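The chain below stands alone and is given in structure tokens; this is the form predicted on its own.
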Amino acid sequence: MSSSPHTTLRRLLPFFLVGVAFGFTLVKGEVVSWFRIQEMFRLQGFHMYGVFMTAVPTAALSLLLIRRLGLRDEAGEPLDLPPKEMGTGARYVIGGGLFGVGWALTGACPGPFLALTGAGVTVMAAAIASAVVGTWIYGLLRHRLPH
């Protein structure tokens, strides 16, 4: 049975509001600041490294709590991350390298693109379009790539 658009919107509203709050936090914390990102890549400032050093333990603690509390999704499946298959690790090195180059060139990683656009940095619309095109190209080439 399909739900009405009104019910779907009401169910998605909390996620939208959390996203808006997260975007606001990224902007106010200067995590999306081009200056801060360039400062990080040039090893001239601690700000971004401090953010990462806070985010990693927060994510680890969140995952631990999700597992300990046995939280489940709407379908009743346990929330969990499957273990990564490293293989040779080449896909992580290549993917991470491409991600880093894009981050350094645009001054933002994909997460803050929407926050920056919402904050009035409209040039990020080009970065969003590029990310969408890149994702589409990956989808076309995925079957030829080492996985």
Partner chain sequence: MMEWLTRPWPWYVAGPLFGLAVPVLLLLGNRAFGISSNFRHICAACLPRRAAFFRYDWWKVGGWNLVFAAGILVGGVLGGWIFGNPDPVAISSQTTADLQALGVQDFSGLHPRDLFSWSELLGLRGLLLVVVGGFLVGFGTAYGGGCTSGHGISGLASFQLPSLLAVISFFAAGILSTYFLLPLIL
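Positions refer to the first chain, counted from 1. Remember, predicted model here, so these are calculated numbers, not experimental data. Note that the rigid core is defined as the largest set of C-alphas that superpose within 1.5 Å between two forms.
As for the form predicted together with the partner chain, it is not shown, yet the points below apply to it.
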Flag Ser4 as yes or no: does it have a non-hydrogen atom within 4.5 angstroms of any non-hydrogen atom of the partner chain in the predicted complex? no
Tell me, yes or no, whether Lys28 is in contact with the partner chain in the predicted complex, where a contact means a heavy atom of each within 4.5 Å. yes
With the partner left out of view, is Lys84 within 4.5 angstroms of the partner chain in the predicted complex by any non-hydrogen atom? yes
I'd like to check something about Arg68: if you look in the predicted complex, is any of its heavy atoms closer than or equal to 4.5 Å to a heavy atom of the partner chain? no
Relative to the partner chain in the predicted complex, which residues of 19-54 have a heavy atom no more than 4.5 Å away? Gly19, Val20, Phe22, Gly23, Phe24, Thr25, Leu26, Val27, Lys28, Gly29, Glu30, Val31, Val32, Ser33, Trp34, Phe35, Arg36, Gln38, Glu39, Met40, Phe41, Arg42, Leu43, Gln44, Phe46, His47, Tyr49, Gly50, Val51, Phe52, Thr54
Rigid core aligned, does the Cα position of Met40 differ by 2 Å or more between this form and the one not shown? no
Once you overlay the rigid core, does the Cα of Leu69 travel 2 Å or further between this form and the one not shown? yes
Superpose the two forms on their rigid core, then report whether the C-alpha of Gly50 is displaced by 2 angstroms or more between this form and the one not shown. no
Explain in one word, closer or farther, how the Cα atoms of Val132 and Glu74 are placed in the predicted complex relative to this form, where the distance changes by 3 Å or more. farther
